[in-house]
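Let's start with one chain on its own, the form predicted on its own, as structure tokens.
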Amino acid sequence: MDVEIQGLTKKYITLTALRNVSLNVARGESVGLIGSNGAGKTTLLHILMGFISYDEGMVKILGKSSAHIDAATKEKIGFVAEEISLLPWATLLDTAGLYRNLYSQWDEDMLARLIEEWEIVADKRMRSLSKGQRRLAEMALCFSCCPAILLLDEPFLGLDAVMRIKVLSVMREMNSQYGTTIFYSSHILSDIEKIANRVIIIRQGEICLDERISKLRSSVEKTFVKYYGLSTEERALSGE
């Protein structure tokens, strides 16, 4: 298993962000994580990355405890945060020089391909680029590291429909051709169905659905509406 979580609970002073969460993600799976703002998606991904601690349970990524991820394991993990984290004064090419020395599986051809296909401005400082261009640059760098697993937190923020399709196409290719495990959150529910083979719905820190998409009785969006208990009027707006 690339991700193993058992009985995970994370508490803050006045809030339980995650409550008794258990899930496994096998090698080569593509899993979509959905939930409203504050449901616990980002907290879960940050715990997997070892950015924050937790109170109860067991969390492993690529066989290692998330609390003690060694350098050899970290270079097999590709992570894109909801907030863009690239250095504002650096260009994409500047940052690629740093990544090249940190990741042993770095693929220069992949980066060149994504710069061309996604029309990324590679020689201007990040602070001068649009949010969409910065997001594409961040994902191009992440994908070019050839990670064994991708953890993506709202990776499509700032991207128009055309660019989302292009990024999803590369994600599908990485998953199907190279066996890259993908675990990602998104508020764009229609995109979940395009590459995920499994969907997890999280609500108020608890998993309320974990199912293969092929076994859902309706679309991901309608399933989400059902589990979030929207009113009759709200359900009508969603098409449910």
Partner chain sequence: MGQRRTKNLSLSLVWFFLKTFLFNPLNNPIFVVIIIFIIFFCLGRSLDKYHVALILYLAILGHYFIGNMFKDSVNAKEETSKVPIMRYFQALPISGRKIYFSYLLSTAIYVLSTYVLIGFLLMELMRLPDLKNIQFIKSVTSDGDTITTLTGFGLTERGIPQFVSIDLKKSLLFDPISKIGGGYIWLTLCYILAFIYISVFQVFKQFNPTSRSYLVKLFHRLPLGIYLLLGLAFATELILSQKEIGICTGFVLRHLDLMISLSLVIIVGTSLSIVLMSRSILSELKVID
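Quick caveat: nothing in here was measured; it's all calculated off a predicted structure. Numbering follows the first chain given and starts at 1.
Keep in mind that the form predicted together with its partner chain is not shown, yet the notes after this line are about it.
(message) Residue-level question: is residue 95 within 4.5 Å of its partner chain in the model of the complex, judged on heavy atoms?
(response) So residue 95 counts as contacting its partner chain.
(request) State yes or no: in the model of the complex, is some non-hydrogen atom of residue 118 no more than 4.5 angstroms from a non-hydrogen atom of its partner chain? (result) Heavy-atom contact with its partner chain at 4.5 Å: absent for residue 118.
(message) At 4.5 Å between heavy atoms, is residue 85 in contact with its partner chain in the model of the complex?
(response) Residue-level check for residue 85: yes, a contact with its partner chain.
(message) Even though the partner isn't displayed, in the model of the complex is residue 162 close enough to its partner chain, meaning a heavy atom within 4.5 Å?
(response) Contact check for residue 162: no, nothing within 4.5 Å of its partner chain in the model of the complex.
(message) Heavy atoms within 4.5 Å of its partner chain in the model of the complex: which stretch in 194-202, 44-52, 207-215, 30-38 meets that?
(response) Contact criterion met by 44-52 only.
(request) Would you mind picking the one in 131, 125, 166, 113 that has a heavy atom within 4.5 Å of its partner chain in the model of the complex? (result) Contact residue from the list: 125.
(message) Residue by residue through 11-45, which ones have a non-hydrogen atom no more than 4.5 angstroms from its partner chain in the model of the complex?
(response) The stretch 11-45, when checked against its partner chain in the model of the complex, contributes only 12 at the 4.5 Å heavy-atom cut-off.
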